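One chain comes next, on its own, written as structure tokens: the form predicted alone.
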């Protein structure tokens, strides 16, 4: 098992190096030097060349890349010349807010989607299964912003149950306890994730129900509750582990639209603002974080699957 995990970690490191090369190449291609942003109206060829030489932007590509990697290892994600602040400090101010939004949506999605998928598999081709499937397809096909606008219009503007804008507090604790303003952003992100998870869980549970050990367990006279909990749930949840791991960067992307729609000051809204300001360092740092989360999520899923199913480590 340890050897399998070490091989996975090694593969992840290689992929991470490849991602860093791609991100740096993209940065170098579209944003070879921030000299114009720094110098502003004073920028001319002579001043730009002098600034590039002073700050190392005239060095060979490999030397710039090695310096870029060294900065990343020290936690230096670059400098936002538009906001005159380091990208790391910008992210440090808001990452907890995005983590709370994504984490709450992820937990709620798993808690709801897993039993819903099992129910649909056990009661397949019934009215309840048809209704849940139809709703899942509708929500899954619906753009995030459109779903959020519907929830705002119904529950905030018409019924006045919740706020149409997310919490603007700087305190994470205040945000967590602010049910009135944080319900709609969390629900928006949760509904989209449930629609995806429940379909996978239903399909996985149906495959497990067709296995011989389920038939044997039922033939022995075990109560249906024990059959579902002991034999069905653990095996049917294995594909969900991979899906959850790969959903981490998806939630980050979902935050982009949700945070913008509800004016929630997190990483997504920061990316949207940087997009309008053409702040390349922020944009590419956000992309790099998304890539790293994808690799980490995949690695965690692989390790979790190895623990849950020892047969995988032999593959």
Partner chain sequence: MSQIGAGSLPPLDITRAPEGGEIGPIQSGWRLAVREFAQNKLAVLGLGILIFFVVFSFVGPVFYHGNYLTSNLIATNLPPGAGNPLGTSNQGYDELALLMKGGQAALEVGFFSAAIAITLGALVGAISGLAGGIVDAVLMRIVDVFLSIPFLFIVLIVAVRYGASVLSLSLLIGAFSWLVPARLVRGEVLTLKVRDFVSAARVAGSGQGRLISRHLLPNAFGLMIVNVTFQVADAILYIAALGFLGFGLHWPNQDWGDLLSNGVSYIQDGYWWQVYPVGACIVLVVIACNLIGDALRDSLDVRLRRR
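Positions refer to the first chain, counted from 1. All of these numbers come straight from a predicted model, not from anything done at the bench.
If you look for the form predicted together with the partner chain, you will not find it shown, but the lines that follow are about it.
Shown alone here, residue 47 lies farther than 4.5 Å from the partner chain in the predicted bound form, counting heavy atoms only. Residue 294 belongs to the set of residues with a heavy atom inside 4.5 Å of the partner chain in the predicted bound form. Taking the partner from elsewhere, residue 153 is found to have a heavy atom lying within 4.5 Å of the partner chain in the predicted bound form. Put simply, residue 213 is far from the partner chain in the predicted bound form: not one heavy atom of it is within 4.5 Å.
Across the options 69 to 77, 105 to 113, 144 to 152, 201 to 209, residues that bring heavy atoms within 4.5 Å of the partner chain in the predicted bound form belong to 144 to 152. No residue of the trio 91, 197 and 244 has any heavy atom within 4.5 Å of the partner chain in the predicted bound form. Contacts between 151 to 180 and the partner chain, taken as any heavy atom within 4.5 Å in the predicted bound form, involve 153, 157, 164.
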